[in-house]
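One chain comes next, on its own, written as structure tokens: the form predicted alone.
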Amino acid sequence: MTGDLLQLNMADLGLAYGLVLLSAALVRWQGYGGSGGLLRASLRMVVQLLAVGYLLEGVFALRHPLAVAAILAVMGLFALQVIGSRVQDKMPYFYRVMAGALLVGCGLVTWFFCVGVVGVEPWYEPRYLIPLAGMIVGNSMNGAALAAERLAVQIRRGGAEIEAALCLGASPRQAVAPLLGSSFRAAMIPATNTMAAMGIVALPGMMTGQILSGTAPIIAVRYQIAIMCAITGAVALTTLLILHIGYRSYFTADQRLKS
């Protein structure tokens, strides 16, 4: 124990990993299958987190904006890969739309939060920027995937209604307006539910980690409120950009629905 911070050594991690082994044994005992996948996923988690931990130690020590930018770029690429794996019905120019929306939506909110709210100096301080960007991008992925999937499915299913609206003189924006609204509402549900349950149903990870590290609970609560506001803003802005840029990819230059 160092100060108020309880240190975990490798023996402690080994004991904790025993719970994963217990879970795999229970899965196998019940004959459900998937125990091998569970073990592989857990080993992958351990390797990835250890690699990230050592990498971040080097980046924190270096404190160079190019190193921070490289880490953020890798995070963004992995976020695109995860979103792409979740979305079955992809809009045209899917990755281009997702990349632009994440860069602008999450990038602006992260910059505003670090500079305007937290007051990080310098703005690229990796100890703050990288974890905060990771939380904002990671939580925005669900909204981005939901919005893109919902819009694609609705346009595919409602093609006849959209074409009818176009024939009656509606613009592409007017023809898909109800679909944009329902897609936006669906994308905001996870963030809304998370905020509604926070503090009563669950103690969030960031707040719990700060308390375990010795931070006063009320200070941890303030940080958690602030980061949840940032996450919600990033989800809303990113989703809005995806929908209002993405719907245009379904129409031709002369405002006809692509077949």
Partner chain sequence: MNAFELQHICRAIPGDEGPQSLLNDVTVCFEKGLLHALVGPSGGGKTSLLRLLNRLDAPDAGTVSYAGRDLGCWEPRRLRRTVAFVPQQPHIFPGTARDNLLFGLRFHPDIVPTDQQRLSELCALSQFPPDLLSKPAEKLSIGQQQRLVLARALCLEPEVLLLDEPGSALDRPTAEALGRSLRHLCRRSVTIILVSHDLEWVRNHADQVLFMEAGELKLQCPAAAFFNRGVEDRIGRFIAGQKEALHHDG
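Numbering follows the first chain given and starts at 1. If you're wondering where the values come from, they're calculated on a predicted model, not measured in any experiment.
What comes next is about the form predicted in complex with its partner chain, which is not displayed.
Taking the partner from the other structure, its partner chain in the predicted bound form has a heavy atom within 4.5 Å of a heavy atom of C167. For the chain shown alone, E161 is a contact residue for its partner chain in the predicted bound form, at least one non-hydrogen atom being within 4.5 angstroms. The shortest heavy atom separation between S85 and its partner chain in the predicted bound form exceeds 4.5 Å. Residue contact check for Q174: one or more of its heavy atoms lie within 4.5 Å of its partner chain in the predicted bound form. From the list 19 to 27, 232 to 240, 247 to 255, 6 to 14, the contact stretch for its partner chain in the predicted bound form under a 4.5 Å heavy atom rule is 247 to 255.
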